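Before any questions on how it binds or moves, here is one chain, the form predicted on its own, in structure tokens.
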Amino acid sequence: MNIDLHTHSNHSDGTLTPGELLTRAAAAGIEVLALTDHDTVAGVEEAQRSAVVHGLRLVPGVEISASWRSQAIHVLGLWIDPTSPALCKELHTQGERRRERMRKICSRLGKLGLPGSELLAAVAALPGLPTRAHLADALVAGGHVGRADEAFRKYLGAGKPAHFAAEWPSLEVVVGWIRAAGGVASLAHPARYSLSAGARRQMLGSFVAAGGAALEVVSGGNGAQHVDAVATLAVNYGLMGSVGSDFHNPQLTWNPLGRSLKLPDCVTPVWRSYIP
């Protein structure tokens, strides 16, 4: 079965509408797809309608920003109830955190001699919640940098002059939101965080203690060495395994929907209890 449990639409920092995303997934032969936009479920209803048209099974999802010891961590909520009033309230607050962070970053860009107000307006005009990826694209469009990755290296990345760290809720709190909405909490791309091996183990201990259920064993451009290492962590911590492309943009041809998303046999699939 072709499964992809980590994708984004233009309701966060993807470039396709939910409908376009589902159309592309169907063309790629994907049978089960999760829409996991950053801190919003605004695209799930449209995605569900499109899934019915294309004969796909949609997993309602979200990717929530959290914090563990000042490190930003992303937690996927899979099989959530996207209409949960409590979850929607918390995601609304997450959106306000994102907007406030964007205002502060653009203010810093203004102090660096860049048109901060114009950049903020360009990002605010987009349909989804504001992200640094949107701002990087605006910097490219304005001719201030040549490429989006240059924007992060020069201005937006950690330690750079316009960087502003968001104050996300704790990892434990976010896992609680997902569980209260009937969902399964899966730690997104665990090999990507700047943590020592010991800190990573402590973080996983906190995640499990809070009720976290799965690790994204196969994610985006992770190499085989990362898959094996994360699979071992999943087994050691009694966590199920998830797979996801972390798809954002069809122009990024190195990371298509559903790319090589095969879970190692040693890991229990997170979808086992949900997909016959």
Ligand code: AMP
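Each residue number is its position in the shown sequence, starting from 1. Owing to the predicted nature of the structure, the values given are computational and were not obtained by experimental measurement.
The form predicted in complex with ligand AMP exists for this protein as well; it is not shown, and the discussion that follows is about that form.
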| property | result |
| --- | --- |
| Residue stretch of 195 to 203, 93 to 101, 174 to 182, 117 to 125 approaching ligand AMP in the predicted complex, non-hydrogen atom distance within 4.5 Å | 93 to 101 |
| Contact test in the predicted complex: Glu167 vs ligand AMP, heavy atoms, 4.5 Å | no |
| Contact flag, Thr131 vs ligand AMP in the predicted complex, heavy atom cut 4.5 Å | yes |
| Touches ligand AMP in the predicted complex: His248 (any heavy atom, 4.5 Å) | yes |
| Close approach of Phe152 to ligand AMP in the predicted complex, 4.5 Å, heavy atom | yes |
| Residues of 32 to 46 having any heavy atom within 4.5 Å of ligand AMP in the predicted complex, listed in sequence order | His38 |
